[in-house]
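Below, in structure tokens: the form predicted alone, a single chain.
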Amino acid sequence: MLQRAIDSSPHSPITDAVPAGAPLVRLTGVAKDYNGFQAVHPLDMTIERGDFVSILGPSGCGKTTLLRMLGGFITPSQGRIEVDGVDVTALPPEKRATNMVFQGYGLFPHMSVRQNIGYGLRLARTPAREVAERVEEMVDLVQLGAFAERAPTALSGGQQQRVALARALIMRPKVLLLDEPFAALDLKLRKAMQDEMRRLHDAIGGTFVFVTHDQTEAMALANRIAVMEGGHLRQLGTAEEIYLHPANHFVSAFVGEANFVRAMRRNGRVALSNGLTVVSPGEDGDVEIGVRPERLMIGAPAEGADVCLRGSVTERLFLGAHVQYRVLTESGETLVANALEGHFSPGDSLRIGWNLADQWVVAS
């Protein structure tokens, strides 16, 4: 019944037509300046219908400002925002086909779960029968039937979050915006709500955009990730692209752990300090070779690697799922390698290396 209701809605994120090949959301040169402070530098970005996009970055990077510009709560200093081909740059939140879920949930303590969920429809003067039907659909979707008559204060943090999601989804926005929705939840509940969010996205087939500073959360939920730093959009891509082929040093270091080896590029080849060179097209100059800890090989396996260095173990940590080694190379760089098992000890000399397919090269 829920799917039929969404499919038949004039505001359905599933059925609203967009020109063939056009994104649902397009940002062109969007920026925000606060009296000389550039919170968001000019950026271009597209969001496809059905996307689950994460805006990821450290505190103060501009990710929440960007989300609020999408929702109409902040007016861009320059640029254009389109939703389904319509310029919404100057429109207030209530005039946009978007809805936002804030960190604080914003539930009305004097209303029951049902009343909170249906508030937006009643405000829009939706017929009472339709309100009742759509509220029940949402109650079922977020699995709160047993709590529908309770006040928000009688619910757990995770249950309150589901009420807030239902209240936003009942308005059938083309784009659901979420500002660090799990920030106030403990780790176990965050994991449970991530599962819940994936289920909801699969159930309604809508377009979600959420802000987080948690890289694990972004990778667990999003099909595309926008990484921001200092108001700049540094990279937009899938989790695999962001993790395995980061565009620069910041993305390399912020998303997951990374090792960096200093090198020099000349005429399309990168030379390491030990004299080994590898093919790497790009501008001449100082560069860094990046490789993830789990891609490093140590001991005998490293001898057959494309890149093989000498070093000695400085630290061994047993972390349950893997053993982590810190290895000081002859060139003075410390590399971190994660191995499923190992018998090396601090002071042991060994080989450490990686294959070319597992590295990336960025300007230093």
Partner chain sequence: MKQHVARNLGLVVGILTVVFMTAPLVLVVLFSFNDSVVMTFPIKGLTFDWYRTLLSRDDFWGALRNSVIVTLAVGAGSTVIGTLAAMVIVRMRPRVSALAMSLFGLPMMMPPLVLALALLTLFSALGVRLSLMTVVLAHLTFTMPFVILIVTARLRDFDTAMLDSARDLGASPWTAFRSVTFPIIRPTLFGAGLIAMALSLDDFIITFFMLGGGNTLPTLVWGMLRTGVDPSINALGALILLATLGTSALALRITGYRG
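Numbering follows the first chain given and starts at 1. None of these values were measured; they are calculated from a predicted model.
Below, we refer to the form predicted together with the partner chain, which is not included among the displayed structures.
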If we take heavy atoms and a 4.5 Å cut-off, which stretch out of 88-96, 196-204, 143-151, 225-233 is in contact with the partner chain in the predicted bound form?
-> 88-96
Would you check, heavy atoms only and a 4.5 Å threshold, whether Ile289 touches the partner chain in the predicted bound form?
-> no
Contact between Leu155 and the partner chain in the predicted bound form at 4.5 Å, heavy atoms?
-> no
Might His110 be said to contact the partner chain in the predicted bound form, defining contact as any heavy atom within 4.5 Å?
-> yes
Check whether Arg167 has any heavy atom within 4.5 Å of a heavy atom of the partner chain in the predicted bound form, and answer yes or no.
-> yes
Among the candidate residues Tyr243, Phe250, Phe260, Tyr105, which is the single one with a non-hydrogen atom no more than 4.5 Å from the partner chain in the predicted bound form?
-> Tyr105
Contacting member of Ala132, Ala183, Leu123, Ala192, with respect to the partner chain in the predicted bound form [4.5 Å, heavy atom] | Leu123
